[in-house]
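One chain comes next, on its own, written out as structure tokens in the form predicted on its own.
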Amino acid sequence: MALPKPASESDLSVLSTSASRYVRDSLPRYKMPDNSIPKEAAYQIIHDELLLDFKPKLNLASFVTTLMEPESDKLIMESINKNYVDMDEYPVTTELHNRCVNMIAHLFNAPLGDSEDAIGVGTVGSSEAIMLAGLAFKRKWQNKRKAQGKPYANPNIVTGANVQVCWEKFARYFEVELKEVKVREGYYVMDPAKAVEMVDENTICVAAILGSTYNGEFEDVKLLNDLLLEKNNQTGWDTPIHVDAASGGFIAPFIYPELEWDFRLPLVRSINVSGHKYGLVYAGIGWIIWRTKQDLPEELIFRIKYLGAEQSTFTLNFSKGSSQIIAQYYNLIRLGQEGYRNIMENCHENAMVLKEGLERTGRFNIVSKDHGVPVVAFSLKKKNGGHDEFEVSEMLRRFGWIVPAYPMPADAEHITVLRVVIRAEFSRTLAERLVQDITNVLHDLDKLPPKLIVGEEEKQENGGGALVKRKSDLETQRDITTYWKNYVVAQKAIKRQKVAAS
């Protein structure tokens, strides 16, 4: 009888990754290893390390969708190997893309004829969409100035100080001056009147935000349009509006249908929206829609012939996956207007549940609005012991929640807020649990020693006005750490006593 052949270490790793050397030895982190490893070991190593990430569903900092239906997941995997740019090879995928563009354009009330196709394109996200919109405005403005024999070297764009960083990127990358309307305490979005005041003959467009990143509030696009029309009539200019509807574009049409913010307003020439936010698709899809063909300069469109047939392209990227486009089409036909309306209403109602729960604590000022993106932004009324919103944010991580804290934009930087984004996958049960965990965090902060003011030696009103030395950052941190350690030890002792008594 032949003895069984001893299995090699590689063979053993196939049978049990845990029994192999790959879980015992450290792999190179920043250089490619010299040798291969079994696929099972590679998967397990990466899988285990990724367990240290927070749960996407509890990441309340992000507007981006983290949960889709199994059927959409299946479509994504079936199309994950298709490069969208190969339009001649994947004509059906191209057709689905074009259907999405037309559906979204109609949703935004684009003035299209019965057989007229909408002008737009899918992008990697709203950042790319905004770059494309900005380039179109800049080129149109330059062409008009050249035809008039006027200087065209100093274009500017007017926005609120509350815009997302992609607008700053556009201005810096494409050499456009960014003129920001400052916000103020209690008014955290762009003031249309101040925006119009900043418009001059070099302004390529005014950008309005339908859903501020800071507090979810809609800017008044209708008022901006009316004021800008009046100024255009007075000056002879033709300054247009772009609406950054990254967050609100899939919300307003369904729960605020009477709100005029889109192509119903004559000066709105382009709109961007994030499919991966309230379009309910995983990260990696945005859309830019132009009002008419004339709003997209022909010279920005490239025509290529080396992929099998002549095709037009106007994107910053070239190769791009098809999965998110197909997932967007799935949502549009699967949910329809009824489904999107129900989901957005649920998000709004859960935002109200969270807001009301926070108000019941008596500890917070609500700085978000009921009318807008379902976001709850709030700040502490009183910082007991000097403990602030950043500490609340940090301590909520103990419960698994990611709730960001940040200062408001220019001229309101002294206001710090916490922000919770209510997405489709955030239920009422989670909203109620979050309120409970925030309440627990507040109780824990109340037990901490007061934070001392850090700085140089200063005179204080202390008895006869003696000079008192303030503690350094390091000394203060040591005091807090020591107190916290003692608190944890005491809590453990209490638990042990309870266990012993039982």
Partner chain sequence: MVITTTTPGSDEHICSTFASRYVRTPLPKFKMPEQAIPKEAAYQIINDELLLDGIPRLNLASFVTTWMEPECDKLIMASLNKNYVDMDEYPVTTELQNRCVNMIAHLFNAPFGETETAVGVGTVGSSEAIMLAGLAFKRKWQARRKLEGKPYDKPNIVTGANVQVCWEKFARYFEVELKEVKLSEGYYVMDPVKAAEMVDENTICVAAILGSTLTGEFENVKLLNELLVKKNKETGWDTPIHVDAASGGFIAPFLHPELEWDFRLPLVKSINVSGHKYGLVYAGVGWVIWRSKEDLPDELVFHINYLGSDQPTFTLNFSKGSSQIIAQYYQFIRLGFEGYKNIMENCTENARMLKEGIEKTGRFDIVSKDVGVPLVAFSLKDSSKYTVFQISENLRRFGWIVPAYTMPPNAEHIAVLRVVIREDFSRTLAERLVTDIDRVLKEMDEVPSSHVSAKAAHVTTTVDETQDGNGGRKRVEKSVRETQEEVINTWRRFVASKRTGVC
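All of these numbers come straight from a predicted model, not from anything done at the bench. Positions refer to the first chain, counted from 1.
What follows is about the form predicted together with its partner chain, which we do not show.
Undergrad: Since the chain is shown here on its own, which stretch among 324-332, 256-264, 231-239, 369-377 would lie within 4.5 Å of its partner chain in the predicted complex, judged by heavy atoms?
TA: Partner-contacting stretch among the options: 324-332.
Undergrad: Of the residues Asp411, Glu197, Glu95, Asp388, which one places a heavy atom within 4.5 Å of its partner chain in the predicted complex?
TA: Flagged contact: Glu95.
Undergrad: With the distance limit set at 4.5 angstroms and only heavy atoms considered, check whether Leu52, Lys169 and Arg172 all reach its partner chain in the predicted complex.
TA: Per the other structure, all of Leu52, Lys169 and Arg172 touch its partner chain.
Undergrad: Might Gly149 be said to contact its partner chain in the predicted complex, defining contact as any heavy atom within 4.5 Å?
TA: Close contact is absent here: in the predicted complex, Gly149 is far from its partner chain, nothing within 4.5 Å, heavy atoms only.
Undergrad: Taking heavy atoms and a 4.5 Å cut-off, does Asn102 contact its partner chain in the predicted complex?
TA: Residue-level check for Asn102: yes, a contact with its partner chain.
Undergrad: Considering non-hydrogen atoms and a 4.5 Å limit, does its partner chain approach Gln294 in the predicted complex?
TA: No, Gln294 is distant from the partner.
Undergrad: Wondering, does Asp220 line up within 4.5 Å of its partner chain in the predicted complex on heavy atoms?
TA: No, Asp220 sits far enough from its partner chain in the predicted complex that none of its heavy atoms falls within 4.5 Å.
Undergrad: Taking its partner chain as it sits in the predicted complex, which residues of 274-289 have a non-hydrogen atom within 4.5 Å of it? Please list them.
TA: The stretch 274-289, when checked against its partner chain in the predicted complex, contributes His276, Tyr282, Ala283, Gly284 at the 4.5 Å heavy-atom cut-off.
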